Structure formats: C-alpha cells, structure tokens
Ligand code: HEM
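Presented below, as structure tokens, is a lone chain in the form predicted alone.
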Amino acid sequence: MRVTLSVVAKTLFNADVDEEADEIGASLTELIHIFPLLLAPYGEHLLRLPFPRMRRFRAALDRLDRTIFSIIEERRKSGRDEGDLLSMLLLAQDEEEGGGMSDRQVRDEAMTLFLAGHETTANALSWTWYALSQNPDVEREMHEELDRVLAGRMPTPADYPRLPFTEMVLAESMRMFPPAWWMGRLAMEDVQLGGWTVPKGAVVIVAPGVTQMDERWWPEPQRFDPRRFTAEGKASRPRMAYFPFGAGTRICIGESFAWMEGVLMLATLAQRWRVEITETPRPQASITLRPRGMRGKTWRRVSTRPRTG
C-alpha cells in the first residue's frame, strides 16, 4: 500500500505523500469497511446519523480531502503545468460554456484516481506474491525471464512489452483474485437481458470473481496457470470471460497505467527478493478483495546472471 500510494501520488499529481502514508492508509481502510453500507437502500441517509461508524467514516473522508485539496491548492498557486494528470484537470475547459473545473470537481476526479489507483494495485501485487510463493515452477520461469531481459538492471517502461510472462503471471493472479471482484451498474431505463427484465432504477451486479472462475472458460479454475494468457489462450475464450477492469464505456480509466505499474513493480522486486508465505491469507471481500492475515518472510534472491549497471 505504501509503495503504490507513493507511485500514484508522484506520477498523477507530482506530489510526495510519504509522510502521510499511515494516516491515508488508515482512512482508506475505514472507507472500505463502511462503504458497502452506503450502497444499501437509503444508504446515503446513514451518513447523517450520529453513529460511531458514521463519525469515523466522515472523519476518514475529511482526512483524505485535506490531502487532495492541499495538492490542488498548491498547484493552483504555483500556476505550473507539470504535464501530469492534475495539470490536465486544472487546464481543462468546458467546450460549450467555457471556464474550468471547480476545486470540488477536480477533487472528485482526483479522489477517484488517488484511491482506486493504489488500493487495487496493492491488492493485485499482494495476491501475486502469494500465488508465486505457492507455485515455485511459475516463480522459476518468471525469474528466468527477468534474468534474461533485465540481467540485474532496473526495468524501464521500454521493458514492459519485453516481459510477457511476467504480465501473464499478473493476469492470472487477477483472474483468481480480482481486486475489484464485483461491479455495479444502475439501469437508467427498463432493459431486456436474456429474457429477464431489468427495471429502471435497479442495480445490476457483475462479478469478475465469479465469471473468472467459471469452468466453461477456465478448466481447473483453482489451478494457477499463467499460460492461460498466451495469445492462443485469450483467442479461445469469449471477450467477457475476463474483465478485472470492467468493460464498455465505463471501463477503468487507469487500466493501461495499472498493467505497466504492476508488471514493472513485480519485475523490480522479484529480481532482488523471494517471498515465502507462512500464513495463508483469507480473502476479505468488501469493495475490493483484500488479503487478510497474510504473513511471510523474504530473502534476497541470487540471480542466475551477473548483475550489470
């Protein structure tokens, strides 16, 4: 969580939030625990009640708002165009009426990317380390690719397409343990789906955590096998048999960023370290799929190739 928070803050907002990492992490955890309650009927009214959980939720949200609004305020005062996402949001103009975004509008966009951009990636990487620790043959093959391509040096964005097996490892991890294991869509009008009527105002749930374990498309779904994601393997399945980032017009805006970040971070760490899981994690299925109770130990890995650079 700490390293993905640092990455998203620096790359999207050119900000350093390392000193606030513990408080931000605690606030995020509080939001994750309570957010499902808000999806219930009349859930938005729960926030107005003086219950301890609701007070904690509001306090956590206020804490995150302080961070986001301070980043926005600092950038507006400087007037600099850093070429990052925050600058793009602040410079955006309404094509019809003119004018830019208010601080509140920028906050809404930034908060979504700030939270989703590190919570889900941290979960995906944590589950990947667990899967690698349980599948030494897969781990060995990934290390062989890293040694062959990188030879001990730090990976760069140019290396991303040169690490196909590492990407397949991450893809298979997100098949078995999708960070966003369910997604909701609100019906804006009556819709007919497969003989069923979805009435206007209904919320439809689609669940990668279910579909991506369906034996019709994933033989032996409990087996960790990155080779499912070769070009031939992907061509053999329906497109929607795998959708950890959603699909359609509302697909996750950060999908490409998440793939590159996940693969390069996995490559960076796996070159130097191996992980042994000593306590099997339990899936904590809330808004995201967190690994609860995962414990392990690490040790330095000796590369099969001499280090360069």
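Since the model is a prediction, treat every value here as computed from it, not as a measurement. Start at 1 and count along the sequence shown; that's the residue number.
A second form of this protein, the form predicted in complex with the ligand, is not displayed here; the remarks below concern that form.
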| If you check in the model of the complex, is Arg48 within 4.5 Å of the ligand, heavy atoms only? | no
| Does the ligand get within 4.5 angstroms of any non-hydrogen atom of Ile34 in the model of the complex? | no
| message | in the model of the complex, is there a heavy atom of the ligand that lies within 4.5 Å of any heavy atom of Gln212, even though the partner is absent here? | response | no
| query | Is Gly254 close enough to touch the ligand in the model of the complex, meaning at least one heavy atom pair within 4.5 Å? | reply | yes
| message | Contact check in the model of the complex: Leu12, Leu113 and Pro179 versus the ligand, with a cutoff of 4.5 Å between any heavy atoms. Do all three pass? | response | yes
| task | Sort through Met168, Leu89, Leu150, Ala124 and report the residue having a heavy atom within 4.5 Å of the ligand in the model of the complex. | result | Ala124
| message | Looking at 263-271, 277-285, 49-57, 237-245, which stretch has residues with any non-hydrogen atom within 4.5 Å of the ligand in the model of the complex? | response | 237-245
| in the model of the complex, residues of 174-190 near the ligand [heavy atom within 4.5 Å] | Met174, Pro179, Ala180, Met183, Arg185
